[in-house]
Ligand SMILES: NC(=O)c1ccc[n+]([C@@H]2O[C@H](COP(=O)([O-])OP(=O)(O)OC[C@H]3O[C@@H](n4cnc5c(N)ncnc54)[C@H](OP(=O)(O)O)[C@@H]3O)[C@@H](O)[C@H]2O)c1
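Encoded as structure tokens, the following chain is the form predicted on its own, with no partner shown.
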Amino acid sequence: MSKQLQLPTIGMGMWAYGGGLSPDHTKDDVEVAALQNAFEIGYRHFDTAEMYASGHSEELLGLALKDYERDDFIITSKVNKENLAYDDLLAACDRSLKYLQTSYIDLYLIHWPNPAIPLEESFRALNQLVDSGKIRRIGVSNFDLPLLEHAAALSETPLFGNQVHYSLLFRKPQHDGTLDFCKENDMVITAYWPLKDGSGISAQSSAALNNQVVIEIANRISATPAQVAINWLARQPNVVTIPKSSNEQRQQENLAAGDIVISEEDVDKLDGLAT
């Protein structure tokens, strides 16, 4: 199996599909239909995790994909930080494969670092999973620059990249060197929470939607504020983003965000929004 992998600039995040941290089956049919709508309008990258609804998010993606050609889609999943010991990580990957009803995961990430488990042990398992064909590429998530450098050194295949909170109104990866390191080493930054600022997970995912500069630019070019914020990320080299929606109209708008045209003058205004 080829280890080449290129993510679309805009994919679909799957947090809250199937529940929060615990499974919720009450909307299964609706959410499978939402995923299949996303397939039909052109989404090809879906980002899930064993943490999301304790695996039920993965199950829903597997159900939605069962009548589609698996190789047409890119699946990212993530292993819990509690499961980073060698045997635990191998078992976690097998569970995810079962939930997803697939023989391989395109991109498998360490969801959060765990100082209690040596990274060397985790990568021994990850490297084995690549060798066995169960995963195509290895990545990490929420790693700071020193940890990212360490992970890159331990991965026997080129480390794919780092999934982090990065947005128009939250620029930490720019300031701490993570973005530059990824560019210099041909790695990808996958930006989650593309509409949020740094207020944390409890805040509404709408900071960019309420920003007056974003609103003014959106109105001027007949776009939505969300499209402006997503486009700001998608136009950057080595950056992709994964907005989440189960609403058909918003799915379409998010995917089309990469096609809107923002003037260099307005890009400069957007660049100046966060410091």
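Everything numeric here is computed off the predicted structure, so don't read it as measured data. Residues carry their position along the shown sequence, with the first being 1.
What comes next is about the form predicted in complex with the named molecule, which does not appear here.
- A single residue from the set 236, 54, 245, 36 has any heavy atom within 4.5 angstroms of the named molecule in the predicted bound form; that residue is 245.
- Looking at residue 142, you'd find a heavy atom of it within 4.5 angstroms of the named molecule in the predicted bound form.
- Interface residue remark: residue 64 is not counted as part of the site for the named molecule in the predicted bound form, having no heavy atom within 4.5 Å.
- Shown alone here, residue 70 lies farther than 4.5 Å from the named molecule in the predicted bound form, counting heavy atoms only.
- None of the heavy atoms of residue 108 is located within 4.5 Å of the named molecule in the predicted bound form.
- Stretch 185-193 is the contacting one of 130-138, 185-193, 81-89, 115-123, since its residues have non-hydrogen atoms within 4.5 Å of the named molecule in the predicted bound form.
- Annotation: in the predicted bound form, residues 15, 250 and 253 each come within 4.5 Å of the named molecule through at least one heavy atom.
- Residue 47 is the only one in 34-50 with at least one heavy atom within 4.5 Å of the named molecule in the predicted bound form.
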